[in-house]
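Only one chain is given next, in structure tokens, and it is the form predicted on its own.
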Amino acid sequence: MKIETFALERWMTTYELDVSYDITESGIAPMSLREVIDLVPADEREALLERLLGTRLGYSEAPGSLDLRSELAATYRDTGPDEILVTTGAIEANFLLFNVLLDAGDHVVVVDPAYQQLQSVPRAIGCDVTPWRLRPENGFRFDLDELETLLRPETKLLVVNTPQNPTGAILSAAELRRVYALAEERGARVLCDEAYRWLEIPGGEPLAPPVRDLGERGISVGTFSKPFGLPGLRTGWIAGPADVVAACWAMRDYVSLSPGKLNDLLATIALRHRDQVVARTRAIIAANLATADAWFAEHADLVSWQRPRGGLLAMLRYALDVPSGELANRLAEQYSVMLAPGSAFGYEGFLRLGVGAPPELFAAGLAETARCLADLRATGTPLRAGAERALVGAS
């Protein structure tokens, strides 16, 4: 397979280990191993530590342990452990699904902007990929009437992501049911990247159920990276029809073979205690949203945003006439701030902002971002044409 360069990941790896203020990260602030163990009641921790220390580091069960698959299956309706495949992150889950479900020439509709993998892999397979655009002029909302015009009688797969990366848009339960019905009418499957499952905005709209719960044409992909703050476990999963899961497992034999044993065990602990994890996550989001609301109000002459409706991400619109790649590089190199360029998602004049960082770090990163923008303005950098109108419209 010949595949295009993953622009966002190449840019991220240039700076992510060196900056002081990563406020573009797409997940919640990572948990420590101690925090995961402390999820377990105090009287059970010694036994857990003995189990961890006594674990032999051989190969794990190839599809994921029965314990973890059973726990995951229980979070869906009418789903058993044989309809779950544990994967090396959501990125492997999506890669396997595309290669199992698609052939060259198939028509695929993919939400846009998106995490680049969702578009690049189908294109590399040779599919005819049609973007379903979320546009800033309508607040990055899903336009279901437009989707109906994009789907064809021969459409093979519809790829959605809710809550959405990078815009923070969501599909309501009713909207997702309509999406599923439109695909079902054409005999297409719906692959929903649900990396932000369980990440409701405090006081915000409820999230739609997993697409797996809507019927046999729905396939859900999940991860422990974003909502659990456990990206280092490299653990995700597929929830779908048994035949699709089995085919993905067979292909995974050529990729990563099996999950890591310790990763699987720690993921199981986190999932069993997810109410505690979700409470931690919501506290971080609430603090950062309050900081962001105040920051955007204070600097409304230079920046605006469409507040995320779910998940952790939003697009920060800036008024200065500077390419987003150039501005993102300047922020990283001179102000030690990471904000991913909108150009990586096809949107110039934007940066991707994440609200999952530790609150003190998040506030400091925004302060440095404001300093960068003020310095540019002071040195004569002009506003983009129409920027003042755009900022008013987005506030």
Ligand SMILES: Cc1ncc(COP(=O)(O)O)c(C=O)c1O
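Just so it is clear, the structure is predicted and the values come from calculations on it, not from any experiment. The numbering used is simple: start at 1 and walk along the sequence shown.
Not on display, but discussed next: the form predicted together with the ligand.
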Does Gly89 reach the ligand in the predicted complex if we count a contact as any heavy atom within 4.5 Å? yes
I'd like to check something about Asn288: if you look in the predicted complex, is any of its heavy atoms closer than or equal to 4.5 Å to a heavy atom of the ligand? no
Residue-level question: is Asn94 within 4.5 Å of the ligand in the predicted complex, judged on heavy atoms? yes
Is Arg217 part of the interface with the ligand in the predicted complex - any heavy atom within 4.5 Å? no
Just one of Leu176, Val109, Ile170, Ala195 has a heavy atom within 4.5 Å of the ligand in the predicted complex. Which one? Ala195
Check each of Tyr115, Tyr76, Trp295, Phe142 and return the one that places a heavy atom within 4.5 angstroms of the ligand in the predicted complex. Tyr115
In contact with the ligand in the predicted complex (heavy atoms, 4.5 Å), from 263-271, 95-103, 297-305, 226-234, is stretch 226-234
Residues within stretch 141-178 having a non-hydrogen atom within 4.5 Å of the ligand in the predicted complex: Asn161, Asn165
